[in-house]
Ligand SMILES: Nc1ncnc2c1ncn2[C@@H]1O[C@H](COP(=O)(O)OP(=O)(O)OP(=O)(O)O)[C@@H](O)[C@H]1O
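Presented as structure tokens, the chain that follows is alone, the form predicted alone.
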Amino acid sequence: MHLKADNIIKSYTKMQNVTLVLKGVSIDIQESDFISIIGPSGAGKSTLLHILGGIDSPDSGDVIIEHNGVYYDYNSMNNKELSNFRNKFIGFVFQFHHLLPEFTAIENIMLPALIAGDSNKIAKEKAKELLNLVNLDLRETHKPTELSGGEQQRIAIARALINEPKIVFADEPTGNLDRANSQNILEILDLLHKKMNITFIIATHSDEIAAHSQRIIRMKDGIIE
């Protein structure tokens, strides 16, 4: 899956004050890339990630993804089409795991598969495999409050993978974790990249985290340096 973004411009307006967040960003991401987008807070990393993943839209510019000879242009899709595209091809991991507190670990992982139309049986089988992959098969029936921060983030990663996405966007995935848990999450992402051939795009402010990637893109003040 090849992603190309061209001249992305994005601004936000608050109390009649306009803040230009992205100032004509272009990026080309090849299949199976492992990329870190690094920069200080306010550089525009998260905004760019959200636009590349189709959960925010730019003021202008294009995002086009090619997969198996088919081109998907975000600008030509309506909200429902874009939502279906995201659920099928794209996974997200955020700094805050956003697990549903009333659901168990396995139920949280199953949810995107059920939304995509999988039967409960198939979704559960997939979720069990992923629990094993992130070394949490013994936490299947635990609710988020019964899991550590690192365990919760590993559940969030498994949830992002349930529909076998081609690209995973991770926005500061270790931002709330201590050094040991951060290292564990990075090792899991490395393993998943190699084992599942997924494209990973990580937004981070940490040079240490970026060092794990194949390619580093540096951002500052809404542009790529």
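Since this is a predicted model, take the numbers as computed values, not measurements. So that the term is clear: the rigid core is the largest set of C-alpha atoms that superpose within 1.5 Å between two forms. Residue numbers here begin at 1 and follow the sequence given.
Form predicted in complex with the named molecule: not shown, discussed below.
Just one listed stretch, out of 155-163, 66-74, 188-196, 36-44, contacts the named molecule in the predicted bound form at the 4.5 Å heavy atom level, and that stretch is 36-44. Across the proposed site, V21, Q95 and H205 without exception bring a heavy atom within 4.5 Å of the named molecule in the predicted bound form. Interface residues of 12-28, taken as those with a heavy atom within 4.5 Å of the named molecule in the predicted bound form (partner not displayed): Y12, K14, V21, in sequence order. Residue displacement note: K23 has its CA displaced by under 2 Å between this form and the one not shown (rigid core superposed). Relative to the superposed core, R215 undergoes a C-alpha shift smaller than 2 Å between this form and the one not shown.
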